[in-house]
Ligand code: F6P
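A lone chain, given as structure tokens: the form predicted alone.
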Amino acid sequence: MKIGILTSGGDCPGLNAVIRGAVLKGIKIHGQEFVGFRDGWRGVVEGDIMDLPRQSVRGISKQGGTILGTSRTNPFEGDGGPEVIKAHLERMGIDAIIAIGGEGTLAAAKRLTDAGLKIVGVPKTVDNDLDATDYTFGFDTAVQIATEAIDRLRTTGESHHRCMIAEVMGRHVGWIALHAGMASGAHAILIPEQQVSIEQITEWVNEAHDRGRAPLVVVAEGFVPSHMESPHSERGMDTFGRPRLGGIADQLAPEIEARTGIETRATILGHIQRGGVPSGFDRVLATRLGMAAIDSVVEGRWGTMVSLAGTEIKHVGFEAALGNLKTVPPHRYEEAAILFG
């Protein structure tokens, strides 16, 4: 059996570990053959592949990024579509696809599966916002990177008696902000799930400052203050028609400084959260998911993805992951808010 693997969407620590886990198990246990599609769905639409023999995945689980490359190509636009992809797969003798990606990737995989293609999925999102899985690989690494960066910002804030704002990833959900903020002892955490007024934010900042602390605010890029109707976006749309977010920290900093009189600086961590080597947790999780994806292929579980439930790997339908975003529940935010100010 010949299997094609793709990585699509934003890059993420742990992608290479998924590839390695799938290839090693597929070759050692089932005698399968593997190829990789270059740059996500672009490689599928254009029939652009590379061989993935066992030696090609040697030692890659500790590498960041993806050896296959990635893109945000929509397989249904331009020269794509199910019939084009089917023709490429038949010509290259590829029997099935393992698609590693987030919501957009899995939504496309579901549409292609409904059209008759044999696809299984591996969930990937740094934001940890995919439903039907407890954690996604890359999230733990992103939290560690963000926490270390915020710890560094704190020392600068304390030295200059400033308020420091750290903007982290989180388009629709605030899991990274919540975890990194709690880990670094933030005086305020602002997430998309919870609208907060600028007055409340400045109250938390003043409380911390009055105790002799340098206020620290952690904000997710998708946070919407109560005086705004939508997330801050000034960089247009991506290929899936979603606003490119980023910059809410720069909007909040002058507001906080004007209202409190405390010198305030903003730092946007951006793509640094995606880079570098994956954490040990993410390497293990990603490897297990890659190996479980081979089980899905062997068992013909088309239209499903592998997921983490507690400590066990399960198989769930694409629709379970795409039905709802996994948002931060109110009680988790209320728990963290006890520490604010």
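Numbering starts at 1 and runs along the sequence shown. None of these values were measured; they are calculated from a predicted model.
There is another form of the same protein, the form predicted together with ligand F6P; it is not shown, and what comes next is about it.
Chemist: Has each of Val126, Met169 and Glu221 got a heavy atom lying within 4.5 angstroms of ligand F6P in the predicted complex?
Modeler: Spot residues vs ligand F6P: full contact, yes.
Chemist: Would you kindly say which of His88, Arg213, Arg111, Arg72 lies with a heavy atom within 4.5 Å of ligand F6P in the predicted complex?
Modeler: Of the listed residues, the single hit is Arg72.
Chemist: Please pick, from Arg288, His30, Lys314, Arg274, the one residue with any non-hydrogen atom lying within 4.5 angstroms of ligand F6P in the predicted complex.
Modeler: Selected option: Arg274.
Chemist: Based on heavy atom distances of at most 4.5 Å to ligand F6P in the predicted complex, which listed stretch, 170 to 178, 202 to 210, 73 to 81, 157 to 165, is the contact stretch?
Modeler: Within 4.5 Å of the partner lies stretch 170 to 178.
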